[in-house]
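Below, in structure tokens: the form predicted alone, a single chain.
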């Protein structure tokens, strides 16, 4: 038994090593004074200086963050409402879940092409709004899947007790239902934020001239050759991701502590 667990730990360590090795390799070369990843020259912050002096890249980073935050916020509101509505539906619950999951299982290329055809048909100019609407659309099913289990496990007696004590519908919703499903809402928000930040395939189809996100910009620059400014940017984004994960874990611990109390 001990041998089995030791082999399991060894395998897990190997998996994590293979997952993080390319990331740390990329971070390592972001501090090289050279221009390529063919040999580390000497330690330098020149690529970070270039990154923070690149006004176009800073603008793209801001565009990406704004899109991600807005998409996560709006999709969380819509997805939470959708999860509550699906939970109330009895006869059509399975059909609604199937419709919700279509965007989750469909290939990103198909989704991106569909949005492109849709926006072209409506005459919507490709750019900020087309990207934002697309990100909201594919983030909503993610939020629904995160929130719905919390809604299903919430005891109905909580809202019944609130009504018995004279609470209005809004008071029962805001002071009982929302706190009870808050862990799912937080998980849905952070998952939507992550999906929006990382998305490339859908964004590639619906972005227009003069507007870009990080994933599309990095792809465009990578086709022209490896630029260590991208390494510096990836390092910064990796650190931002670590901060987001830390914040989410802190919120999750507090939420579980509050639930126990």
Partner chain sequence: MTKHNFGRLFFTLPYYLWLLLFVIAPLVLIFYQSFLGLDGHLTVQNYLTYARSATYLKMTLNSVWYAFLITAITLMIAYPLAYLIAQLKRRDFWLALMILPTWINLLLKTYAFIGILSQSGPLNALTKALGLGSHQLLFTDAAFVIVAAYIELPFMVLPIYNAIVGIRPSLINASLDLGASRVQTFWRVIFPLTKGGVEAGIQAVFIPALSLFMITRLIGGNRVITLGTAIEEHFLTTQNWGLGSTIGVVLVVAMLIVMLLTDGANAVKKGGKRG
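Numbering follows the first chain given and starts at 1. What you are looking at is a predicted structure, and each value in this text was computed from that prediction instead of being measured.
A second form of this protein, the form predicted together with the partner chain, is not displayed here; the remarks below concern that form.
Checked against the partner chain in the model of the complex, the residues 176, 103, 151, 167 give one hit for a heavy atom within 4.5 Å, which is 103. This chain is drawn without the partner chain; in the model of the complex, the residue among 61, 46, 70, 230 with a heavy atom within 4.5 Å of it is 230.
Contact between residue 138 and the partner chain in the model of the complex is found at the 4.5 Å heavy atom cutoff. For residue 85, a non-hydrogen atom is located within 4.5 Å of the partner chain in the model of the complex, even though that partner is not displayed. Proximity of residue 81 to the partner chain in the model of the complex falls within the 4.5 Å heavy atom cutoff.
Mapping the unseen interface onto this chain, residue 189 falls outside it, with no heavy atom inside 4.5 Å of the partner chain in the model of the complex. Although the partner is absent from the chain shown here, none of 52, 57 and 123 has a heavy atom within 4.5 Å of the partner chain in the model of the complex. Along 36-54, these residues reach a heavy atom to within 4.5 Å of the partner chain in the model of the complex: 36, 37, 38.
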